[in-house]
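First comes one chain, alone, set out as structure tokens in the form predicted alone.
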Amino acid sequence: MWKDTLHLKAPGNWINDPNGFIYYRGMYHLFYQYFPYAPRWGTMHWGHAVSRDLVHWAHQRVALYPSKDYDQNGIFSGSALEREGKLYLYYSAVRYLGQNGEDIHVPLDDSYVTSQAMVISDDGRSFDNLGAKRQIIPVLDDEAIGDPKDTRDPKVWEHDGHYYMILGSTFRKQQGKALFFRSRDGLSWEYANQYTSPEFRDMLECPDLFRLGGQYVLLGSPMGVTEAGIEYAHHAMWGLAEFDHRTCALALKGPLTFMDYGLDFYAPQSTVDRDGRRVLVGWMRMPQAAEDPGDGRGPWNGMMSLPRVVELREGRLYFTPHPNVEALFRPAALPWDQAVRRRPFRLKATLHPGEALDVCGYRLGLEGSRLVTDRSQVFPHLSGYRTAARTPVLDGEGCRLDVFVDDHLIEVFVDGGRYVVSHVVYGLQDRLSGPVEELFTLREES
């Protein structure tokens, strides 16, 4: 099977949301939304990859595929939980209400219903799709609770011997909401509570709730955040929250904030690593398929961000590369020329006012105390996609940059993870074959 370093890429064809991210039996398991037939969205399966260090990934066989009446048209996003040594996978199950005669992998008139389901694996390697699945929350029939179509993405966790589930939902695509269910055994679930907020916009996807440094943090991907007419209007965001496990009452303590200012990053999911750190990965959205000559996997679309540690500092979240990512780039024995040509690679720099950094055609500069990036030279000329990005105002006059470059992705960590800008790019393979002095340029601008 395919193996990837640092960035998990589609093993051919299409991937999107990370699912079931967990450290289990000495390995990290990352499942993902997977359409195995073409490099486009379609009938969702769960692909599966494993890693010992969050850096070197090996793809496994497909873990979950449609096999039941209630999930016949898709295994949508969900999460994983370890219980009594077994791996519990929770997912949203989709059934179309009409068949599209021209394309059976796309719902007719966007009409479908969603329920919540699960499967238990004894070892995290084998998954009985035909016999072990069970539907645990049927399609909702009360709009006051949640939408029968758009209620999805269960994130499940254990607290004091009880199990809790948060789901994203909406009221008629007018108001996003979070739903809560609870269970004594992880199998039988009851509705507990809900929370709505204008911060959830039209619909909330992929919610993730956890405690960090004595504070609850909510991650989510509200739909309809930015202006219409741009390809991505839905974005990954974070906020501090209050949560009471006794009543499942949730309340945001302030507005939601972008997790990544490149705005290609979506649907992140977190887990706790081997050493107790909160770590996450997110899906990097690609506007067109890529194909790496000599790779052999064929056209592929979709990849994951590098693993990011989530830290709470002075009342806000910082996102930093995982220590194992640091270790990947630590060896300095290679000559500079060879080290640069190892992909992916890393560059650290300090940018001062009046300076601009060019990394293989990707431009970074300071404008009005904000970091501004421009990928127009390493991005297809497609209308309707953002080629520039900017952070909020920085604290100092300059900024520290930690830049990770792969063939199709550039991730920029600003001022120790206070902000992150990640951009999908194309065509870096050819640029990386040039002279070393042409790869990076730091210059003063008038």
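What you see is a predicted model, and the numbers here were worked out from it, not measured in a lab. All residue numbers are counted from 1 along the displayed sequence.
Absent from the display: the form predicted in complex with a small molecule. The rest refers to it.
Using a 4.5 angstroms heavy atom cutoff to the small molecule in the model of the complex, all of 16, 77 and 205 count as contacting.
When the small molecule is considered in the model of the complex, residue 243 lies well away from it, no heavy atom lying within 4.5 Å. Heavy atoms of residue 44 reach within 4.5 Å of the small molecule in the model of the complex, making it an interface residue. Within 4.5 Å of some heavy atom of the small molecule in the model of the complex lies at least one heavy atom of residue 153. Mapping the unseen interface onto this chain, residue 267 counts among the residues with a heavy atom inside 4.5 Å of the small molecule in the model of the complex. None of 294 to 302, 98 to 106, 69 to 77, 362 to 370 except one has non-hydrogen atoms within 4.5 angstroms of the small molecule in the model of the complex; the exception is 69 to 77.
In terms of contact with the small molecule in the model of the complex, the residue from 90, 319, 283, 127 that brings a heavy atom within 4.5 Å is 283.
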